[in-house]
Every structure is written in structure tokens, then in C-alpha cells.
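Before any questions on binding or motion, here is one chain by itself as C-alpha cells, the form predicted on its own.
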């Protein structure tokens, strides 16, 4: 279950960049963070996307997401929420073809109007009325 790709930047992440890990997943900070604390969670096994994760891998990545969100909130009281997301496939914007989940801390005022959140991946679709 530990398939590895020599060409994949995530398979070859420097050990010093790993913040936390468990038996099936690792977490490290994004090299191009959207906000301070922006983290990436990846399975140790080289697989394309979120939909290819096994049940055990899903539990492992979610364990790290929960642990990191707690750690970030304890260390930074300005964090008031999170965006959690993944890009699955080139059409969805995936550029590294190794499953990775973004954990993005959010703070009041970090953007003018955060309503719609992840809907903003398609310009003009973030806003809606109810």
C-alpha cells in the first residue's frame, strides 16, 4: 500500500517539512499559502485524487485535518473558521496529481465578503441569494 512515484513532488517531500503524520498520511504547510497556517494533507500512497482513497486513508487524512485545525486554533485566536477542499482532476484545477487536501484557516476580514466560500472556484458563482 506504500506505492511511491519518483517524479511526484509530494512523494518526495523533505522529511523536515512534515508537521504531523500518522501511518497512512502526512501534513505539511503549503508552499504557496492562501492564509497563514494553510496546510496540505496527503496520503503516503501515491494516488491521483480524493476519490481513490481507501476507507483507512480517509480516516487517516481526516484525523490529521482535525488535529491540525485544533492546533492552529489553539495557537492563533484570530482563526474563526476553515475552508477544506481538494481539486480532483485537471478540469477542477489539480496541478499535482497526488491526492492532497487543503486546510485553509480563515480570519474575520481576510476577504471583503467570504459568503459562498468554496463556490468562488468558479468566477461569478460565489455569490447567491436565498
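None of these values were measured; they are calculated from a predicted model. Positions refer to the first chain, counted from 1.
Unshown form predicted in complex with a small molecule; subsequent notes refer to it.
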{"query": "4.5 angstroms heavy atom contact with the small molecule in the predicted complex for residue 31", "finding": "yes"}
{"query": "is_contact(residue 87, the small molecule) in the predicted complex, heavy atom dist at most 4.5 Å", "finding": "yes"}
{"query": "Residue 95, heavy atom within 4.5 angstroms of the small molecule in the predicted complex", "finding": "yes"}
{"query": "Heavy atom of residue 9 within 4.5 Å of the small molecule in the predicted complex", "finding": "yes"}
{"query": "Location of the small molecule contact in the predicted complex, chosen stretch of 49-57, 99-107, 62-70, 76-84 [non-hydrogen atom, 4.5 Å]", "finding": "99-107"}
